[in-house]
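A single chain comes next, written as structure tokens; it is the form predicted on its own.
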């Protein structure tokens, strides 16, 4: 699928970071963003690969300035966006911001229709590294044309800026967005509920041919640690998004997260699957009742295999090595990537017991 795909090196692996929306909605301000950036460093998330601190809807003043430029809401961001960007950069992080392709943002604030080049220049002046462009208030408009304009505007701004396309998968963006943006939403907004996570996951099963370095399917931001999700549900959510080569945008309160949530978000061998440089999105091998088996080819010749149990009972699962594309008598070394422990060598088939509501992720290497 290489034709018409970006290859500018800005997102060689799926972007990782934090976005304000899932936890805070429009209730954001300067202190929250700075404290979150500092927590990203102190928690070890930056060292685990999280880089982008992204402010979602709700940052704009209700009107543009007299020149037609965006203004930050002076009550929420009194020092302005350049100062905030500088602080985030000082921490070794990157700064992301939000706008909307239509006449207003989803929160009814000024958006970018007709201002694309002006806004891209403004973002570049502020030191922005990542722009999410939403799709509210776009009646009668075509996403291909508008996002193409955004791609041109960002190029003209002469600053390397990742473009996150957010039209919720309505116009099958995986078929056309790869030449315009670095990631594109494939679904409606995620909710911190198990049913939402499972439904979105099922929508990704056929999209693997369209993703790769610098152009990623985006099943939406992480809900790990939000709502009433249990640790098991959060762990399964995180594991499956990593199998999908999804952007890993944390959406929880990093300042107050539990140690268990932090360990999920920074699990080194799960993150390494997501960030594998081959950039090949996982695909579903089979679904059998409550059990899914997914596979992802990795750059070092290994395969990552996820056994996803969406049910409420533990189950034993058998996977033949032929299912993994290997000859029937092959010996395979099996490693549990959550436990960071080798399980041993298995022949002909892999047998594992999954717990309820879980995703066991194995590293499989031909011996």
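Keep in mind that this is a model prediction, so the values were computed, not measured. Numbering follows the first chain given and starts at 1.
Form predicted together with a small molecule: not shown, discussed below.
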Mind checking whether each of 56, 106 and 166 has a heavy atom within 4.5 Å of the small molecule in the predicted bound form? yes
Counting only non-hydrogen atoms, the one stretch of 229-237, 88-96, 267-275, 132-140 within 4.5 angstroms of the small molecule in the predicted bound form is 132-140
Is there any non-hydrogen atom of residue 244 lying within 4.5 Å of the small molecule in the predicted bound form? no
Under a 4.5 Å heavy atom criterion, is residue 122 part of the interface with the small molecule in the predicted bound form? no
Hey, in the predicted bound form, is residue 296 touching the small molecule, heavy atoms inside 4.5 Å? no
State yes or no: in the predicted bound form, is some non-hydrogen atom of residue 177 no more than 4.5 angstroms from a non-hydrogen atom of the small molecule? no
Heavy atom within 4.5 Å of the small molecule in the predicted bound form: which of 206, 189, 193, 290? 189
